[in-house]
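One chain comes next, on its own, written out as structure tokens in the form predicted alone.
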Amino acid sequence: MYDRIKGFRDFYPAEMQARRQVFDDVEDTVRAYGFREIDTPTLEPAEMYIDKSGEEIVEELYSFEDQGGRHVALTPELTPTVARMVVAKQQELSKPIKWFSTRPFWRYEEPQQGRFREFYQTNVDIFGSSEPDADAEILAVAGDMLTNLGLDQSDFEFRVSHRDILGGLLETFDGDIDVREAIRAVDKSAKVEQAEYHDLLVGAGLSYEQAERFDELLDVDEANLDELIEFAGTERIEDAVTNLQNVLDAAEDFGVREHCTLSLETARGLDYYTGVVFECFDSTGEVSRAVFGGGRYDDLIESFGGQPTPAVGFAPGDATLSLLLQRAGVWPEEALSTDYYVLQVGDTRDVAARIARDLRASGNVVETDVADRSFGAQMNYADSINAETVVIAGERDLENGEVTVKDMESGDQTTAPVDAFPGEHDRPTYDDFA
């Protein structure tokens, strides 16, 4: 007996049916905004992630040397891959480029609530627009995705921030400050005690007094964002505050403003973010970690050798999204569903197979016996797969030119002319022949 590898999951049919419904609903929302589906490789050069994140990233990768001597990795995220794809055909692609993809990813990290070593994400990205409307559309897609899954305003919130506000404020303090490390500290601020958070800021080059002042500045409310401009007195902060306000204004017109809360403590840990960033959280706090996040990454395409190309996107993952949907009571029922089971009694395979083919041709889910089981065994199986209707093709029925149509919920049954079943009915039921 073999054990499943730690951090990987099995999905049996009932659970997979619920997951498939969620994936389909997410993708239907994304498609409604005009995003086009792409597919991408499982393996990429490991250097692509090392160049972006540093040598330490190797410890988090499923990486190895292939038979050609290449250092490759199972893809831990999609953003570098889509950046590579944009660069490869940048001159041919109409702007803005709006892409999405749902696929598995792999990261070698310690499994915990909402985090696995193999996980699934739907990545949604816009390339080629620096307008606040693009950021607002990403927020709107995320909001519609969640409400279309059955959530309402009380279930979730988007905590919105701006990386240039964080970086710009840090630049105003005297000292040799590692801005990247300080922003990483901000990203951890909600997960650690305040003293530890301040220690992290000090480790990035701030004094304790500066760390406390920086923390106070991030606590500003939306109505007083101009205080940050007055404090810093820099064009970078002024531009960032204006951009953030413009994005929130656009979010109002896009119908998603009600879900957005200013939260300058939201930083997003990845270094490539450049502008507005956001994270989705469970409003009740029962799901203690971010459900998903996203934001703007305007420099990444150029860093991959392409022309300067603004970009913004987000990526909901299956594990944390399922936690939120389950907490809110809107996770789809984990149960099999079958439209018809065509039951055979005696030597009736030809007729049963013809009926099954005709029903499938109308788009129905149909099963029939492939194991030479008894009548009782077939009925038990039909019940186990939640068949709505059982069509019984028995030798005696066929001698009378009939089949029996049984409604499995009520137990009622009637007969129908075999030559007229299913006939012109796309989804014939007991009621059509009773």
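Keep in mind the model is a prediction, meaning the values are calculated, not measured. The first residue of the shown sequence is 1; numbering continues from there.
Beyond the structure shown, there is the form predicted in complex with a further copy of the same chain, which is absent from this document and is the topic of what follows.
In terms of contact with a further copy of the same chain in the model of the complex, the residue from Phe231, Phe254, Tyr197, Phe173 that brings a heavy atom within 4.5 Å is Phe254.
For the options Glu235, Glu193, Glu209, Asp249, the residue carrying a heavy atom within 4.5 angstroms of a further copy of the same chain in the model of the complex is Asp249. Among residues of the shown chain, Ala434 is not one whose heavy atoms approach a further copy of the same chain to within 4.5 Å in the model of the complex.
Among residues of the shown chain, Pro13 is one whose heavy atoms approach a further copy of the same chain to within 4.5 Å in the model of the complex. Contact annotation for Asp152: none of its heavy atoms lies within 4.5 Å of a further copy of the same chain in the model of the complex. a further copy of the same chain in the model of the complex is approached by Pro96, whose closest heavy atom lies within 4.5 angstroms of it. Of the stretches 223-231, 333-341, 285-293, 180-188, only 333-341 has residues with a heavy atom within 4.5 Å of a further copy of the same chain in the model of the complex. Residues of 381-418 lying near a further copy of the same chain in the model of the complex, listed in sequence order, are Tyr381, Ser384, Ile385, the criterion being any heavy atom within 4.5 Å. Three angstroms is the minimum change: in the model of the complex, the CA atoms of Asp66 and Glu55 sit farther apart than in this structure, by 3 Å or more.
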